[in-house]
Ligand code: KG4
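In structure tokens, one chain follows: the form predicted on its own.
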Amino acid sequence: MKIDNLGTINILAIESSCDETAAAVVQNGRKVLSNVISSQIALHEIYGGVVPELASRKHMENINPVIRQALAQAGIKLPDIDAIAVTNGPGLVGALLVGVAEAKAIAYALGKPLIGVHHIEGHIAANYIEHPDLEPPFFALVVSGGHSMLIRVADYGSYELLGSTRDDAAGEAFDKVARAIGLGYPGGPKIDRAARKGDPKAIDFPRAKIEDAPLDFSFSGLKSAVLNYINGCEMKGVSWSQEDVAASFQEAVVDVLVRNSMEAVREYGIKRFALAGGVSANTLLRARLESKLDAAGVRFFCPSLILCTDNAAMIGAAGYYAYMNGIRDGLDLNAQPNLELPMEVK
């Protein structure tokens, strides 16, 4: 898609798919004027994971203050906004509904365009903010709590799925294993920190490979292997190291993610590769993938940590390109907890 210069386009973006209430103002898809995030980690940490009803209630408390703060930081008033972009899926339905209802109310009151944005498309678009020179086509590894996907980004809003998870996503496995070894929630960053003190070769956990679909992922067996290892040690009265389990588990996850990524590089002749999603904040994954891609002569792109986790700036970036593609949603836009990323290569 060729982006015509229509002057300055300011997108007000709203994200509430899980446990972050976020709002941002993004200009022309690349420039972030504000990016405000109200996290609920402390609220859910005592429960060992996100409690959907509590998340929804907290979103309702936070949504208006967060939007006001985002507009104030950007030095923008509501009438100066050109369109409102909001995550409408996938995610927790109650949490999504808060953001969608707010976006529809603002769009109706202002008479401005409303744009629903797929959460994964937002994660991919975070790379546009971090790397102004990145343009499609390129390939993306999206790794989050609910998704592990290899995607060819053919153009803005045009995608081809090359590989996806068959069961547990990588981020989901991180959370479940973190709970099992006593680290708690959120699992990703806690395993990352614990693994730095452990031996990644202490335990040989399995690396699943799907023969008929070598770019697909499976982490359910790995998660079960960790649980079986811990149960086996406890039944035998043998001590085990939390740090070694964390390091060995993380090593196995990263091995699979990097192996499949490099398989895609070889198969498709990829020259530009982007990492996206909450698990892209993992220090081992970032370093290992960058090293392998660099050795293969492939340019590596990755967002800064604040843009890896859920935020509204990435929704504003994706929303801008949807706006430029002529996409407009009506006031019947609804939350879709299982929304599929549209796979249409143009």
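Keep in mind the model is a prediction, meaning the values are calculated, not measured. Residue indices: 1-based, along the sequence shown.
One more form of this protein, predicted in complex with the named molecule, exists but is not displayed; see below.
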Heavy atom within 4.5 Å of the named molecule in the predicted bound form, from candidates 102, 172, 251, 130, belongs to 172
Residue (of 163, 198, 145, 116) lying close to the named molecule in the predicted bound form, criterion heavy atoms within 4.5 Å
145
Spell out, yes or no, whether the shortest heavy atom distance between residue 29 and the named molecule in the predicted bound form is within 4.5 Å.
no
Quick one: is residue 34 in contact with the named molecule in the predicted bound form, heavy atoms, 4.5 Å cut-off?
no
Please run the contact check for residue 189 against the named molecule in the predicted bound form: heavy atoms, 4.5 angstroms, yes or no?
yes
Are any of the heavy atoms in residue 309 no more than 4.5 Å from a heavy atom of the named molecule in the predicted bound form?
yes
So if I measure heavy atom distances to the named molecule in the predicted bound form, which of the stretches 148-156, 240-248, 172-180, 202-210 falls within 4.5 Å?
172-180
Taking 59, 62 and 92 as the candidate spot, are all three within 4.5 angstroms of the named molecule in the predicted bound form by heavy atoms?
no
Taking heavy atoms and a 4.5 Å limit, what residues of 273-307 are near the named molecule in the predicted bound form?
277, 278, 279, 281, 282
